[in-house]
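Given next, in structure tokens, is a single chain: the form predicted on its own.
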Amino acid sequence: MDALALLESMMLIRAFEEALMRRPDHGFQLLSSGEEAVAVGTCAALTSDDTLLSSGRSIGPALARGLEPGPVMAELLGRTAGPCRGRGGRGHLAQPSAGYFGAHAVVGGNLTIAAGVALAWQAEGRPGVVACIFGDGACGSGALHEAMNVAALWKLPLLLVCDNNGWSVSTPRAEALAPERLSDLAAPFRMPSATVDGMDVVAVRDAALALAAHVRSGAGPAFLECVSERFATHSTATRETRPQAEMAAILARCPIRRHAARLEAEGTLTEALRAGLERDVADTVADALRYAESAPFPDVADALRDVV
């Protein structure tokens, strides 16, 4: 993915979420605003042979992986035109055929599933990497250590990506997790790791490419920590607990503005080109909303379909 495509992908995620949040029926959401570079940079390192799992903060990863915005919007609004026919929503959004194995609403719940997918792929002799994006809050769960242990023992094709936004809802990372760097958790498992600035999409992409190359070689799993910032509250159901002055400093680190400034300095991004990207993104989001609105809600009789 070239530098302009990285910018457009981040712009799409931001505009998509802003449009969703302007609706009174947006529902319970965990937004990716501020963390776009982690999703886009990670997905820029993946190929069509790979698959991605995410936490319940799924909008950014799903769009970055290339899922069509219309069906994603339909799923979030509970319409049948979504990949899960409106029954998965944000917390269980999935489209394996498009390289997105799915979101998992339980903190740390995607980690052992990702290890299981990687084991299945290894057993079937399939090429590709299984990438799993999770939050720093999941680093306190036993599931992470269990997944790293079996992945290291069996050299599973697993790329673990920690989106470290520094908060577990309202608990600061420093009050919940002892390691200086969360990537240090990989050391006992002799797993290659890196910590990068998660607000720099190029840094994320380059680190993800290097670690994914290790995984593709058959040498086993790898761990990438991306230090990011969460611009919104933890969820649409929680209030902001961070001081206003702190939020001003956080918002000033926007990954979209940062990457755009880099491209402008290089002469790659002109004012006219940026305006064109903004129009394209706005049109895409408007089309996604129309697509979602044109689809019906699931029938009540579908509530127990596929439930065992």
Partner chain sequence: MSSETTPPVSKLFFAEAIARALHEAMSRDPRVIVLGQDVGRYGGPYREFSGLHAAFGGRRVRDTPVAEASMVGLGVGAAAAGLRPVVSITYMDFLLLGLDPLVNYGAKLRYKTGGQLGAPVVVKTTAGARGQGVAHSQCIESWLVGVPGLKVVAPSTPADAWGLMHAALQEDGPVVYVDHKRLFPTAGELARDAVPVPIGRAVVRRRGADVTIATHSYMCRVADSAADRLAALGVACEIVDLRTLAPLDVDTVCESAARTGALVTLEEGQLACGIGAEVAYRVREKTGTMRVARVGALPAPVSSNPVLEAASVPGPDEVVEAVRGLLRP
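Residue numbers count along the first chain shown, from 1. All values derive from a computational prediction rather than experimental measurement.
Just so it is clear, the following notes concern the form predicted together with its partner chain, a form of the same protein that is not shown.
When contacts are defined as a non-hydrogen atom within 4.5 Å, none of Ser33, Ala152 and Asp184 contacts its partner chain in the predicted complex. Of the candidate stretches 220 to 228, 99 to 107, 132 to 140, 191 to 199, only 99 to 107 contains residues with a heavy atom within 4.5 Å of its partner chain in the predicted complex. Screening Gly116, Pro179, Pro127, Pro172 for any heavy atom within 4.5 Å of its partner chain in the predicted complex leaves a single hit, Gly116.
Among residues of the shown chain, Arg216 is not one whose heavy atoms approach its partner chain to within 4.5 Å in the predicted complex. Proximity of Pro83 to its partner chain in the predicted complex: non-hydrogen atoms within 4.5 Å are present. Contact annotation: Trp121 falls within 4.5 Å of its partner chain in the predicted complex, judged by heavy atom distances. Contact annotation: Ala232 falls outside 4.5 Å of its partner chain in the predicted complex, judged by heavy atom distances.
Annotation for 63 to 98: interface residues with its partner chain in the predicted complex are Pro83, Cys84, Arg85, Arg87, Gly88, His92, Ala94, Gln95, Pro96 [heavy atom within 4.5 Å].
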